[in-house]
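Presented as structure tokens, the chain that follows is alone, the form predicted alone.
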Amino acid sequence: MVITAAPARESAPAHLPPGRRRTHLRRRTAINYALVAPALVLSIVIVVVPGILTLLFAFTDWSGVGFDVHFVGGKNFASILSDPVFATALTNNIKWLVMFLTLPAVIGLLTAMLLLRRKRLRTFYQVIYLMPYVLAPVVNALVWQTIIYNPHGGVAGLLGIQPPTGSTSTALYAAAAVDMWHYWGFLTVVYLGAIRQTPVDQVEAAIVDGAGGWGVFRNVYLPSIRPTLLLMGVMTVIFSFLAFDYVFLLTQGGPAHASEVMGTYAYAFAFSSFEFGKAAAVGIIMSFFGLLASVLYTWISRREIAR
């Protein structure tokens, strides 16, 4: 765990008289607040205010148009929690989370360890692996829809199978596969950067002591990159409950809500049935899981620092 030292308390130059020192400190403090102010105002306008409005609208029947708003208490939450589609969406989000905490993480870690030995072409491979991540989701979805899932000329057509996006049993996994394909390269680059920060003398000492490849990884590399693994795990939890783009682009939550996730579920409330109150309630539930992951990460980080 990287622990940064607290910044030293700012003090005025010692050669100034007491009155000018106080003026100097006040001016420096004002400048510091002025530098922080734009980011603070932007955060309040873009994050805090919409967040508070979303929380308020979750208890109303607002349609998203006009100012006709009525307070309905917890009716939106009760309606959502009793809806079987919400149960399907929540289950799919949990499946999404399990898939992304395992497959891309394992593949990214293995690839990073392989790249660690490839010193000459390491940068080239990293660029190749990052390409899907820097492309827009709609481009990645089109590539897979055209080349892989296309029943007329794509890989699915050549194999004589139905596109997995059209089946209730495979639609969710088909969308997740595209998202994992775009995500694992990013994890590889992040893990490789963390692995390269491992002190070389520790690796050499483990090898001198007779540790094999697995022993070096388990006893040296893994403890070294543990904070990175933890951080990326928390980010994966948050992103899994915010999953929307690839599901919407490839299946739109179908067929028959089989690939519905909470993101598409909230979208349908907001822009199909114009029930912004219910959409806001779903958004609050989604945020709850992200908040839970953030609290867990903070708690684990504090434990690591306290050791």
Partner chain sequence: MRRMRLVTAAIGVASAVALALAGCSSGDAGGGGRQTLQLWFWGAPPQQQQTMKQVLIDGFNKSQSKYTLQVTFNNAVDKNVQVALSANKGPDIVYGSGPAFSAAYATQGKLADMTPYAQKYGWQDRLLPAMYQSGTVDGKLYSLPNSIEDIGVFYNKKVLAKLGAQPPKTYAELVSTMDKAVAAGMYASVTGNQGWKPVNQNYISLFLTQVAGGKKVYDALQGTIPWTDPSIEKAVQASADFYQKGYLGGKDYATLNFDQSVQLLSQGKAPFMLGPSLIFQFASNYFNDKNGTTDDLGWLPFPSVDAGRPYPYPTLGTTASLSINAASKNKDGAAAVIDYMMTDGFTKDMNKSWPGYWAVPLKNFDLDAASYTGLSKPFVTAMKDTIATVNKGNYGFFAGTFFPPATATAFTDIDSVWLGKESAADFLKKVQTTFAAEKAKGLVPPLPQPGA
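Numbering follows the first chain given and starts at 1. Given the structure is predicted, the values throughout are model-derived calculations rather than measurements.
The same protein also exists as the form predicted in complex with the partner chain; that form is not shown, yet it is the one meant from here on.
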The listed residue (Pro227, Gly215, Pro137, Gly166) that reaches within 4.5 Å of the partner chain in the predicted bound form by any heavy atom is Gly166
Taking heavy atoms only, is Gly66 within 4.5 angstroms of the partner chain in the predicted bound form? yes
So, Pro255 and the partner chain: in the predicted bound form, are they within 4.5 Å at any heavy atom pair? yes
Indicate whether Phe239 is a 4.5 Å heavy atom neighbour of the partner chain in the predicted bound form. no
Glu275 versus the partner chain, in the predicted bound form: is there a non-hydrogen atom within 4.5 Å? yes
